[in-house]
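Before any questions on how it binds or moves, here is one chain, the form predicted on its own, in structure tokens.
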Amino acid sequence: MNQKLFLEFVNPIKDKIYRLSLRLLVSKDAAEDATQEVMIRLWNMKDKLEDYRSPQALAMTITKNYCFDQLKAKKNNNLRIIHSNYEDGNKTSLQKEIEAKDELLKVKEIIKNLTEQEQMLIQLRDIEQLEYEEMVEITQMNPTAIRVALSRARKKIRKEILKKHNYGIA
């Protein structure tokens, strides 16, 4: 694989790699470093990428593992999840924009309190919008286990949102 083909492969997924890194590492600098490191690793194995059924899933797995290694190495002590890629395209009223950002912060706070596995599954499925087959390759989990864990995570999020809005659910 030459440089041009590699760039054609990497360009569509580099933002996904960055967003997953940012989700796991929190710091923008750490996420940029992780993205760069994953790109280097992919470049070093560029001749083997065609052997993989889903090179994108491989890239996401490398990203996930690298980020976990960084967290385990205590290079990133901040385990909060903050996703600052939110933009309101409509730009209606200032009040609605403030409410939307406030709601997003509440959801981020709720996601922060999920287990690491639930956080990753929410990131991969609901934010990155990966298919279940890709998630299986990345997480090495059974598809049914992924669906069950996602369902439970979403129920936790829903319950907390309703609780914060004082809708009082059981």
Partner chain sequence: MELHKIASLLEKYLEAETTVKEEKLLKDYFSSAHVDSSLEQYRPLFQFFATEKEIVLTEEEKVIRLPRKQNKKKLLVTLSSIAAIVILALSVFQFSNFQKDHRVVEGNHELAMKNTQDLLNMVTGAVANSKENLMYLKEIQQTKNKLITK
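As the structure is a computational prediction, the values presented were derived from the model and not from experiment. Residue numbers count along the first chain shown, from 1.
Quick note: we don't show the form predicted in complex with its partner chain, though the next part is all about it.
Though its partner chain is absent from this view, in the predicted complex it lies within 4.5 Å of a heavy atom of just one residue from Q56, S27, T35, Q70, which is T35. Within this chain, E116 is remote from the site of its partner chain in the predicted complex, having no heavy atom within 4.5 Å. Proximity of Y132 to its partner chain in the predicted complex: non-hydrogen atoms within 4.5 Å are present. Heavy atoms of K108 reach within 4.5 Å of its partner chain in the predicted complex, making it an interface residue.
Interface membership of E128, defined by any non-hydrogen atom within 4.5 Å of its partner chain in the predicted complex, is confirmed.
Contact residues in stretch 1 to 26 (any heavy atom within 4.5 Å of its partner chain, taken in the predicted complex) are Q3, F6, L7, V10, N11, K14, D15, Y18, R19, L22, R23.
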